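For reference, the chain that follows is the form predicted alone, supplied as structure tokens.
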């Protein structure tokens, strides 16, 4: 029964190798999906491209449904998989900061590394900003962030447990929300693209 590494069925060296190969594959897929293009990434915030929403929602729901089925079949023990404790206040603040950086820079940390590997200069600038932010966090942690990091402690809990419903019902409801979001974002994209002329669409790669 998986996961393999927590049960010592896989040694650390192979665990790192598998992670390395998965990382390469993930970067390749990001490039293939066009996620190293800042116009496509920013498009989700401006309404002219819903690709990011569709791809990430599809990936998340595939993983969620797959893990749920495999867990109930006794193939994977989800309780052995790692996920951090929840601190909702710093999570909201961190998410807002990352979202703002996403809008301004057109990258998230993962897509910026993939874009940098393909030679995009703006991605290297973005990564430089990430490292500056990391260093700023390190040197100001004791003065500013230590108390905030531990605020809103909820322990190890997922959304279904927090709401108080069964995991299967939560996945079903989230699947419905995902489908509705696809329809809404597609209509939003269609309404924006109708307002653009052909040269604008060509510049955006649409």
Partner chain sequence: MMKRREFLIISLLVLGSIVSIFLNDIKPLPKIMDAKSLLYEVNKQGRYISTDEVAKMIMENDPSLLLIDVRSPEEYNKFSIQGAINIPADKLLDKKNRDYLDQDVYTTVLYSNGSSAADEAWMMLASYEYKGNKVMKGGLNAWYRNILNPQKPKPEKLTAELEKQYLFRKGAQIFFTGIQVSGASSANAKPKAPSKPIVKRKKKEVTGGCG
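Numbering follows the first chain given and starts at 1. Values in this document were obtained by computation on a predicted structure and should not be read as measured data.
If you look for the form predicted in complex with the partner chain, you will not find it shown, but the lines that follow are about it.
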**OP:** Spell out, yes or no, whether the shortest heavy atom distance between residue 192 and the partner chain in the predicted complex is within 4.5 Å.
**Re:** no
Original post:
Is there any non-hydrogen atom of residue 147 lying within 4.5 Å of the partner chain in the predicted complex?
Top reply: no
Original post:
Contact between residue 154 and the partner chain in the predicted complex at 4.5 Å, heavy atoms?
Top reply: no
Subject >> 4.5 Å heavy atom contact, residue 169 to the partner chain in the predicted complex >> reply: yes
Subject >> Residues within 4.5 Å of the partner chain in the predicted complex, restricted to 41 to 80 and counted by heavy atom >> reply: 54, 58, 61, 62, 65, 68, 69, 71, 72, 77, 78, 79, 80
